[in-house]
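In structure tokens, the next block holds one chain alone, the form predicted alone.
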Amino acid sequence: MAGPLAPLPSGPDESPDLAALEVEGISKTYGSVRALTDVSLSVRTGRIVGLLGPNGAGKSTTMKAVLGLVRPDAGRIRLFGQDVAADPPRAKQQIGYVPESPALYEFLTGAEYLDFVADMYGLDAATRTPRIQQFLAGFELAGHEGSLISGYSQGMKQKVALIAALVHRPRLLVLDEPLNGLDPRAARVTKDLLRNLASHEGVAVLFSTHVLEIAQAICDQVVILSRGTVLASGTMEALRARAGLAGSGLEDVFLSLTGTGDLGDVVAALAR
């Protein structure tokens, strides 16, 4: 069994106080549906920020706006001080993205797909080959890279999506439910790698998950969205204080702040 992945080298040295990502007052409407209203958040270099919220809260829309896949109706997004809208291709070069449901080219083999992604980022063969091999080994995909992605399990496809997000050494990672379908070992490798990249390489991470235990374990700060607005943000200690739940876990804090803490009647009704 291969050992844990070694951390990727980072980009230029950066101040720990530098804001990698600044989302300032963005709003988005789809027809008559208000998806986001005046959403603001920031992710500093070397920090992991958890983006949490109920289904339909606006998490994926926020992430797609950061990527330039959705254009906000109002507000501004800066990446390392530069307006993303001013130079979208340059912004995308600095971001690694894993969507909630990765859409891979399933008629390609794993190796062909990762080569294709490396081509898009301009990585030459001497750079990409050892990097891709390192990831294949670390995620236990070595020996499967020659098979068509259409024959991969959900977890294997998720691993390919993660490798594709990391292969170009991004300075910001935008990860929407990145642990979906992963086996326990791969999930642990991913969590430890993210923590290592943030702590030692200065990579900034915006991380969405419905598994609150994961967010509590690896996130430096948390932003809670509800109905397209920022309901609360801060460290775990700050959120506990706001909820009046000192010493509580993130699940209790989350349920309290989103107004869904008392579920006894719901559970009782379902159990009848």
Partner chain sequence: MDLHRVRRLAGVLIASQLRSGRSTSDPESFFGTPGFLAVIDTAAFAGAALLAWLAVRVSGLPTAAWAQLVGPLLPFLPLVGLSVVLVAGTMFELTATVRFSGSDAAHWLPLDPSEYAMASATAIAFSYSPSIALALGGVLPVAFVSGTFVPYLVAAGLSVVALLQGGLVIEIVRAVGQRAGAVAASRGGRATLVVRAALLILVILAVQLAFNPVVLLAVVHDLASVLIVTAIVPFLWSTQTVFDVLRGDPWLALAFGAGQVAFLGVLVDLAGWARARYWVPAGSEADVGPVRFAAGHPWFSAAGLSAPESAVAAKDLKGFVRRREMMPTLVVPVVFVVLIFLEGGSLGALGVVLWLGWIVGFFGLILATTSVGQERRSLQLLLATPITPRGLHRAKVAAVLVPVLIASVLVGAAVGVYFGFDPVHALALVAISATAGVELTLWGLVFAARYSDFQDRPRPQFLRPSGMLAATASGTVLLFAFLVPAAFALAATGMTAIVAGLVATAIAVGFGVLSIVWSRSGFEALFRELPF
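Small disclaimer: the values here were computed from a predicted structure and weren't measured. Residue numbers count along the first chain shown, from 1.
The discussion below concerns the form predicted together with its partner chain, not included here.
Of the listed positions (Val211, Val70, Leu231, Ile218), a single one reaches within 4.5 angstroms of its partner chain by any non-hydrogen atom in the predicted bound form, namely Val70. Of the residues Ala85, Leu108, Ala74, Ala137, just one reaches its partner chain in the predicted bound form with a heavy atom at 4.5 Å or closer; this is Leu108. Checking 77 to 85, 198 to 206, 95 to 103, 185 to 193 against its partner chain in the predicted bound form, the stretch whose residues place heavy atoms within 4.5 Å of it is 95 to 103. Looking at Leu172, you'd find every heavy atom of it more than 4.5 angstroms from its partner chain in the predicted bound form. In the predicted bound form, at least one heavy atom of Ser150 sits within 4.5 Å of its partner chain. Using a 4.5 angstroms limit between non-hydrogen atoms, Lys64 touches its partner chain in the predicted bound form. In the predicted bound form, Glu177 stays away from its partner chain, with no heavy atom inside 4.5 Å. Residues are counted as partner-facing when one of their heavy atoms sits within 4.5 Å of its partner chain in the predicted bound form; in 112 to 141 these are Glu112, Tyr113, Asp115, Phe116, Asp119, Met120, Tyr121, Leu123, Asp124, Ala125, Arg128, Thr129, Ile132, Gln133, Leu136, in sequence order.
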